[in-house]
Structure formats: C-alpha cells, structure tokens
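Quick setup: one chain, the form predicted on its own, written in structure tokens, and binding and motion questions come after.
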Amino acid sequence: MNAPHPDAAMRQQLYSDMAPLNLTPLWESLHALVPLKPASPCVPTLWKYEHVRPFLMRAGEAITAEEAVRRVLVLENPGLPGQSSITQSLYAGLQLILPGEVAPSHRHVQSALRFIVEGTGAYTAVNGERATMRPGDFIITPSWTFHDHGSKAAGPVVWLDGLDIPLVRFLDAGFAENDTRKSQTVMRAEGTSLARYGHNMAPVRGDGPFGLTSPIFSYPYERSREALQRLERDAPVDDWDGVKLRYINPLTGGSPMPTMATFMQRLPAGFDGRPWRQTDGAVFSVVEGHGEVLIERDGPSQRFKYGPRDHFVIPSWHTARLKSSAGCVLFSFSDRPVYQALGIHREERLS
C-alpha cells in the first residue's frame, strides 16, 4: 500500500484554514466544471398518455382550475427530483381545464407555449385577444403578457405547457403579477394577430407587440400539417429528421420565443432514421401515429415505443434515432435559441 502523498496533510490544512473565507480549490472540481463533453444529469423518459390521463382527471375532481390557478401535472425528469424540470433549463407539464372553468388571468417573466393534446373548445386569451384551442395547435404566451384560459367545450381539454422556468430561476429574473380581473376583456377579434402577421406580410407601421416574441401567438395545426404533407410528397425526405419544419417569428425569421424553439415533423411510413445528437435537450409530443425512439449515451440505451398524445424527452448530448413503420407526426420544443445566442450550440448527424 502506498504511503499518503507527503503534501496531503498540508493540502487538507490549507482547505480547512481558508474555508471560513469562502475559498475553495479549483483543482478539486476542475474536471466537473469543465468536462470533456456534456454530462447531463437528465435521463430519457417517456410519459404514456394512457397512464397519465387518469391522474389528470382525478386532479380535475380534487381541485378547481381557479383554486389551483393552473391545474397542471408536471412532467418531472427522474434525474432532477423535486425541481419541477424536464431538462436543466426547461419545464413541461400537462394542463387540464374542464367545461365552464376559467384559469385566472396573470402574467410572468417566463415565456410559455401551449400545445393542444386533447379536446376542442377551450381558449387562451393574450392581452385581450382569444384563440380557440384545437388539437395540434401551437400557442404562445409571450413574456409579461396577461393571459387566462377558459373552456366552452363539452368535455375536458388538455394541453402541454412548456416554459423556460428553470432558466429564469437560474438567472434570478422571475417576476409575476396577478390580474385584477378573472378573465380579460376581449378587445380584438379572434385571428387578428394571424391576419396581421401570418401571411408573409406585416403592418406598414409599428413594431411587433410582444418584443422579441412572435406577434403570432396561435399557429393552427391544419396549416402546419398541410405543409408537412406537401413536402413529404414533393421534396426529399431527410435521413435524420424525415420532414421537419421550425416555427418562426415572421418579423425576424428566428425562433418564436427568445428562449425556446419549436418544431413539427412528419416521419413517413417506413422511416428508419439515422442517429443524431445535439446540445439542446428536446421535449416531444406525439400528434399522430406510432413510432419508436432509441436513445443512448456512452453505451446504455433505451427504446421507447410511442403513440398519440405520448410525451418523451431526449436530454442534451444523447444519441437518438427515430423510427416509424406506419408514419407519425411529432411536435417538439427545446432551448436551442439560448445556445445559439451564446454561440455554444453543437449538433452531430451520425452515419
């Protein structure tokens, strides 16, 4: 057995003596602070909707939307227990609203997206304009805008919430404010924002109403699906992504929100994708069809078979492959704009 390093006791005494001054030695933590490659604590996870939905319905019996403010079951990553996070910088949850309910108006710094999973007839209101929710629609709640949700549907409506809560928490930049009204007064006809900005045109005068966020806050699924179908028929299919499009801010061409990018993709029947990995962790919602995803990092792998309304997460720098024998449509969101703004985004498309 080797004798202790002659300087070991001296080092321990140094650490002990300087600790009251809040000093620590970098050399003891350097490899963890500057790793050779990303080592996310997040783990790949699948949430089957058939397993989650009964708990959503039970939540609907246990608490009202008004009492809860937002009746949501958080999709928490098992690698981040107690943090209400699906990745280190993203939050995701499934929100339920029942007929006649209103989730009261408030606003916050955190940017939010809504992706409609089940039901038609509920609405979200943003700064005085409502948008009716339909399955597959992508809806934005821009930072610091008053918003409420309500339902005139005959049955339950469920949507995926995606927010940059962990990122804003890390930056210590979170503010929130409750509205004095339960529901906002409707001041503009539904579809006004889409008419102004959604046809490759924009008003001659005036800037976007939501700062760095897209002036379109509701992107209908019927238009997204039509584009995917047309491209699948008339354009080459990518070996890694199938047919994949990104949602944009029409005023800038960039992401709809400054902290989150959103995508819709179609995997054609018989698609057997090549592997890829990226530094931005991504959250997926299955819109239509069935398929499977193989996710691995440093050897161990997991295979998830997914169907409509299921959700899964691919953490940072995990290698993934998508497959679908019958074809499917996937919505996803990630924190890619943050990586791109900092100049640290990396992606590898493997053979």
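Given the structure is predicted, the values throughout are model-derived calculations rather than measurements. Throughout, we count residues from 1 along the sequence that is shown.
From this point on, the text means the form predicted in complex with a small molecule, which you will not see here.
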In the predicted bound form, does H290 have a heavy atom within 4.5 Å of the small molecule?
-> no
Any of the heavy atoms of L231 lying within 4.5 Å of the small molecule in the predicted bound form?
-> no
Closest heavy atom of L167 to the small molecule in the predicted bound form, within 4.5 Å or not?
-> no
Is there a non-hydrogen atom of R130 within 4.5 angstroms of a non-hydrogen atom of the small molecule in the predicted bound form?
-> no
Have a look at 272-280, 236-244, 201-209, 89-97 and name the one stretch with heavy atoms inside 4.5 Å of the small molecule in the predicted bound form.
-> 89-97
Though the small molecule is not shown, can you say which of R225, K152, H106, R188 has a heavy atom within 4.5 Å of it in the predicted bound form?
-> H106
The small molecule in the predicted bound form has a heavy atom of only one listed residue within 4.5 Å, and of L73, A261, L80, L163 that residue is L163
